[in-house]
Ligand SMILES: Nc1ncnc2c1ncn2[C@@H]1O[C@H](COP(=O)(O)OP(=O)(O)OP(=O)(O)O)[C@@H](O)[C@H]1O
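Take a look at this one chain, the form predicted alone, written out in C-alpha cells.
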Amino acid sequence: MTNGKQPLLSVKNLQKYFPIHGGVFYRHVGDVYAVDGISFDVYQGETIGLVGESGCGKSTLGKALLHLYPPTGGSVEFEGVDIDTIPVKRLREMRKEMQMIFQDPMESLNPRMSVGSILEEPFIIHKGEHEFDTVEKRKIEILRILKEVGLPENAFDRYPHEFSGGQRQRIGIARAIALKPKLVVCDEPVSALDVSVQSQILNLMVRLQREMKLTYIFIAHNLSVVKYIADRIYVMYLGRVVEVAESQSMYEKPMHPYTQALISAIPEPDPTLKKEKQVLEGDVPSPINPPPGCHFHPRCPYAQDRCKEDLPQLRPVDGNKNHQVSCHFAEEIFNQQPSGTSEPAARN
C-alpha cells in the first residue's frame, strides 16, 4: 500500500486520557484511558477501517486525530507536520484539508440554519484560501456540491428537519467535501440508517473517493460495512489495537479471539447456512481501571496465566508485516478453530 510514499497521516503512540476529579477539593483521582498508545500510517487514497464494540475508543481516536480532542500523549503528523506543535492559526488553516462526517447529522447540523448557509460556512471560515470569494460564486459551488451528493437544488433554502436521515447524512457529506479535503474521518456515518440507505451512502462515498482522490478513516462497529469500503482494518478493544490486516486477510484469517468473535457475529445472508457464533461472556471492562496484562483476558475463552500478567504487543503473523496481532497464543488459537465456519443447515 505504501509504494515507497510518505504517509498522509502518521500516528505514533497516540494517547487520550480523560481526567476524573472527585472529593471535597475536586482533586484528580483517576483517568479514563479512552485511547492508550495507538500507532498507524494512512496513505493517500486508501481507506482505513476502525472497528470494535461501543466504548472501545474509536470515536475518541477519530476526534483526537483532528485535534478536536487534544491528545494526552503521542503525536499526529499530517503531511509531515506535527499538528500538536503548530500555532492555533496554522491548525485552523490545516483543518480545510482534514474534515469529519459525524454519526448523527441531526446533532451535527444546525437546525436554525438553512442547508445553503450550512454549506456556505466552510467557505466563509476559510475566506481567502479559495476562489469562492463572493456570495454568487459560493452559491454556484454549493448547488454543484448538492448535485454531487444527490440532492436537488431546492435543498439550498430548506432546513435539516425537512429531510430524511439519509438525506441529512448527504448534507453532512457535502459539508465535509466542500473545501476538497485530502482526509475525511467518517465517524459511523451509516450506523443510524436503514440497510437500503446505508448502501446508497456507501456507494456515494466510494464514488466521491474515486473522483476526488479522498482518503478515509472509516469508524464503524459493523464489520460487514467496513469490509465493503476499507483497504486495511484496525480492530480496537479498550483503547488499544488488537489486530490489523488488509481487509480480505482479516476476514479469511482472523487471528485474535476478539476479532474471531466479531466476525462470527456478522449475519449470514443465506438462510440455508448455519454459522457457529462465538459468544463473548461478560461486559467490556471499565476504561478507568483496565485489567492487567491483556485487556481482553477476562472475556477470552483461551486465556492463560501469562495473559493475566504480560501485556501483548502487536507482532507480525507468520512473518507477514501486513497482518499483525496482539495475542500471545494467536497461532495456537487459530489452529484450534473448526475448518469451516458455516455448513448447510439440515433439511426435513
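Residue positions are given as counts along the sequence shown, with the first one as 1. It should be emphasised that the depicted structure is a prediction, and the values quoted were computed from it without experimental measurement.
There is another form of the same protein, the form predicted in complex with this ligand; it is not shown, and what comes next is about it.
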Item to check | Selected contact from Cys300, Ala34, Ile48, Cys307, since only one has a non-hydrogen atom within 4.5 angstroms of this ligand in the predicted bound form | outcome: Ala34
Checklist outcome for this item: The listed residue (Glu120, Glu148, Glu188, Glu77) that reaches within 4.5 Å of this ligand in the predicted bound form by any heavy atom is Glu188
Checklist entry - Looking at 40-48, 58-66, 308-316, 290-298, which lies within 4.5 angstroms of this ligand in the predicted bound form, counting heavy atoms? => result 58-66
Next on the checklist: Against this ligand in the predicted bound form, would Phe18 count as a contact residue? Criterion: heavy atoms within 4.5 Å.
Outcome noted: yes
